[in-house]
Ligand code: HSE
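The form predicted on its own is given below as one chain in structure tokens.
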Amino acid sequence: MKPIQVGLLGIGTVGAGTFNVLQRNQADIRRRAGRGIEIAMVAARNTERARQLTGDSVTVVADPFEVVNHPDIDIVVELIGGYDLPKELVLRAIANGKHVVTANKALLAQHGNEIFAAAQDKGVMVAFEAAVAGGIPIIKALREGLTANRIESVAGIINGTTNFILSEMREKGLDFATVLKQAQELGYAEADPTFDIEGVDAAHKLTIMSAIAFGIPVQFDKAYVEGISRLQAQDIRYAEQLGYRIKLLGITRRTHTESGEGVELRVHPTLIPTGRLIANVEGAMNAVLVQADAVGATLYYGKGAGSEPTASAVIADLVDVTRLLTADPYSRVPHLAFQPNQMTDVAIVPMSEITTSYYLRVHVQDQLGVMADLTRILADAGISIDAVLQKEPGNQTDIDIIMLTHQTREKNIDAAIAKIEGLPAVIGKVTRIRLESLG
């Protein structure tokens, strides 16, 4: 049987890894897929470098539209990244009746609904395992492995750059700016790290997982996104003393509010009890915790980025598409796990209605009655205190008071913080970090 012909858009880190792993493991991949899978065309800005990587057996072009329009290409692999050009290329490939494999989480988080609808109409597949958590097969787990379950929540460390930074800050007591510079020197962080450190990359991935877990449209514009750039070393240290680790966590879960059923969709620094497995994920590793009704809790751990880990996911998608090429489109696994006509538009809950616990650090003048004022304000807002830590920063005139609260609505804690910051003895802003037990 003639090998499947693949067109590769982009041959950077992941593209080169995909080409190399496919070449190295060709025999096993053929045995699993039932036929060969060959990269026949590559589009690259640096065509000379691409030819050095691929040799003479692959056609190398500068114009990616030559690939998506070529009649002999069966599957287009999009590894360019970004929004506008990839969207145009993917939609053109779909219109031409070609299947698509992509690692582009930003593209799917922003335009996934349009892309999946176009693919459904044309009867082709869009596979995207590599878009979330690199080599961890979390998309397949959510779409297929847990299909018997009602998924209740997904919580993940899904950005290796931020997890590396937080791990280094905790282990070495360094400040954020120092560790960020180290991460850039080591290649863990980009020259412009904004998408990573401000939580946008994690929110892209979480948006995709949320849609699959709950059968809702992709809704990145409704996600709450908060990064780690304002975290201070003393908060990481205080959290440790209280029995917690701080991680940048993506959280999506079913919930109920005064308005009815909803879905939480949020990315922010989070205190997690040190006894939880996910709290002990260090360095640039990723982990995703899924809670479901039948199976309970399952944890998926591994490398969330890198050339060959991500290539592993790309090639797994190529094998899946190859196996299903001749299948009736209605017999294939739906893009977002649920049949397109069975998707529901459950509301994304605004942050003001989220219920969780909180870490509060208040820097105050060391004077009589301050603690009483703080507890009174919290009590008036219906917020009870779970733990208190008092620390002297090094002088005799002011102190840090750290409080952990029991669960309350975000709007309640916002109102209490506003009143606390108005107290004469309070210096500066209150530091607030959300806390999740993940039990």
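This structure is a prediction, so every number in the text was calculated from the model and none was measured. Numbering starts at 1 and runs along the sequence shown.
Omitted from view is the form predicted together with the named molecule, to which the following refers.
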Is there a non-hydrogen atom of residue 312 within 4.5 angstroms of a non-hydrogen atom of the named molecule in the predicted bound form?
no
Within 4.5 Å, heavy atoms only: does residue 354 come near the named molecule in the predicted bound form?
no
Does any heavy atom of residue 105 come within 4.5 Å of a heavy atom of the named molecule in the predicted bound form?
yes
Can you work out whether residue 159 and the named molecule are in contact in the predicted bound form, taking contact to mean some heavy atom pair no more than 4.5 Å apart?
yes
May I ask you to choose, among 242, 141, 305, 324, the residue with a heavy atom within 4.5 Å of the named molecule in the predicted bound form?
305
Contacting member of 205, 335, 266, 99, with respect to the named molecule in the predicted bound form [4.5 Å, heavy atom]
205
Among 297-305, 269-277, 90-98, 109-117, which stretch sits within 4.5 Å of the named molecule in the predicted bound form, heavy atoms only?
297-305
Across 193-214, the residues having a non-hydrogen atom within 4.5 Å of the named molecule in the predicted bound form turn out to be 196, 201, 205
